[in-house]
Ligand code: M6R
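Form predicted alone, single chain, as structure tokens, below.
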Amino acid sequence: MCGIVGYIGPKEKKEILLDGLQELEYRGYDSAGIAVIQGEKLNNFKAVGKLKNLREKTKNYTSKGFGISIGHTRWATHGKPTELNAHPHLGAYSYVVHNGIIENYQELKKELQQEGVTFLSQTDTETIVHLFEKYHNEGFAPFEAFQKMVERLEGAYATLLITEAAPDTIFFAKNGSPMLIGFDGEEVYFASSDTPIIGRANEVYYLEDGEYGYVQNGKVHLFDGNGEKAFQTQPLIADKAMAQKEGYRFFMEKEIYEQSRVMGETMMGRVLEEEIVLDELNADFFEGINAIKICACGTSYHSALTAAYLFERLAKIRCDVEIASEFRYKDPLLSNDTLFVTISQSGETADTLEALKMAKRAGLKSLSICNVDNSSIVRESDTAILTRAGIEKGVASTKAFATQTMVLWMLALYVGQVKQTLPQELLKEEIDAMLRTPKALVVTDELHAKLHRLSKRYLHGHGFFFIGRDIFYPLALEGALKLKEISYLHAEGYPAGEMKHGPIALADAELFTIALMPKTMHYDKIKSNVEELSARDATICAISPLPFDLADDFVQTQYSSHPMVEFFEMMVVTQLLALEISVRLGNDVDMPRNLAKSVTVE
């Protein structure tokens, strides 16, 4: 999501930081900032919006001569995109930049406030710099204070800290979020990916989780739980386009692989051991709410359909789902006891935005689930829950769909909590399943290789049926949509029980059926439906943890403890299958014909 750049050396630091941040624009951001210590003087600049605004603010500033510097582009996860919430964050005499989410920031913030610390921002990051200064003020040397600070942090972080207490030193720590160190002689660079330092550094070291340390006099001192350690650098690649894709062939492929990590970030600070915490919602937000209406388009509509099952099953609250482009013209009946929920990756989807405005005019309370803070839909809504997926460059959505569905699952549990319609024992079971989900999203080499091999059998024929039951019906719709979007092959998603009501007339050897067959939900029913198709000579690709003798192709899944865990694992399979078919057909995976990432027209 966010981007980090750091530099210690004699060159013009402002330009190194700004140029580096520009190379990270592809990650998405809504504000940016830099901080520099030159001699004894600390300077910082922040700006909301594009980097040109930060360049304008710093046009009269120069930073030649030895100094230390850090920069950051922020994608909002805690707090609005404002200058106060932008990084670097200031203590009394220190600055910090941070990617990731500090899971225990509320606990730390409360502790610091009780000791008299005043917070300026709404972010989790600000706790880092105040915690460092707390320990330094207690008499610890700067690096000792930094070590004690790192020991208190829980969650994901890549962080750089500079302080007037050590004006020749950059402190760093990494856990869960990527960060690397670049080298060019005695000059040292930091970045959250390769691109900012390509052409500047020639050697690189990729930090491992749990590593931290400091840079002083051109030397990196690296530590982990066992103390100071040696490390080996490696040559830095020189291809910026490949560096942005981090070695993957396509952004869509990279984003499929990222789903395990971003799912963890989506849950951080929200999914606790025995409860769901959504800071975005006031305690009385669901008072007087007896129904939920969700409005969305495309992939977001499929996440909404999944949520309808979850709200009614878990929270015991009625949930209706509408396609936004249809909702706008149907003269819908709207009542004030209904919460109006909109879902959009970009927050700019025109039909969804207009549907939200209609609901607002009718007096409904509104909630948006979105990937982009300060977008039109977020601004228009009463409140919003951000998905924390980071920018998604592939037009065909993958990680945005996954994180939307996770947020909706969390919201269903939250409603069950506040309305006391969800037994504590069941809540605990759901949370346990949630916490296992990131593992189910990991793409193994064996799985990807198998789907690559299978894909060559699915390049012809007269179409695909993706079939499933219950929550696997919306997943079938989404699987079919992914294939349509990037392969240009005809595909339909169907409830498995509906095949005999007409569609089975199409069944023959040239009809490919992708059957979602979870162990934990209606397995015998869908098995019977697939047997009906097989008896009519349809080609069957079964995705299931249980072997299926009638399958022409079989993809065995590993997780079968909970329907949603199976859902997310099967989602990855359908995404990769669509990707590999598209690659074999020679299509532009990231930019399929006729489509745009953000649909801002009717």
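Quick note: we count residues from 1 along the sequence shown, nothing fancier. Note that this is a predicted model, so its numbers are computed, not measured.
There is another form of this protein, the form predicted in complex with the named molecule, and it is not shown here; the text below is about that form.
Trainee: Even though the partner isn't displayed, in the predicted bound form is residue 201 close enough to the named molecule, meaning a heavy atom within 4.5 Å?
Mentor: No, residue 201 sits far enough from the named molecule in the predicted bound form that none of its heavy atoms falls within 4.5 Å.
Trainee: Contact with the named molecule in the predicted bound form for residue 396, defined as at least one heavy atom pair within 4.5 Å: yes or no?
Mentor: Contact with the named molecule, yes.
Trainee: Report yes if any heavy atom of residue 366 sits within 4.5 Å of a heavy atom of the named molecule in the predicted bound form; otherwise report no.
Mentor: The answer is no: residue 366 has no heavy atom within 4.5 Å of the named molecule.
Trainee: Does the named molecule come within 4.5 Å of any heavy atom of residue 297 in the predicted bound form?
Mentor: So residue 297 counts as contacting the named molecule.
Trainee: Of these, 346, 520, 244, 216, which has a heavy atom no more than 4.5 Å from the named molecule in the predicted bound form?
Mentor: So the residue touching the named molecule in the predicted bound form, by this definition, is 346.
Trainee: Taking 4.5 Å between heavy atoms as the contact cutoff, choose which of 481, 356, 411, 434 touches the named molecule in the predicted bound form.
Mentor: For this set of options, the contacting one is 481.
Trainee: Could you tell me which of 418-426, 285-293, 105-113, 298-306 sits within 4.5 Å of the named molecule in the predicted bound form, going by non-hydrogen atoms?
Mentor: Heavy atoms within 4.5 Å of the named molecule in the predicted bound form occur in 298-306.
Trainee: Pull the contact list for 485-514: residues with a heavy atom within 4.5 Å of the named molecule in the predicted bound form, in sequence order.
Mentor: Residue within 4.5 Å: 485, and no other.
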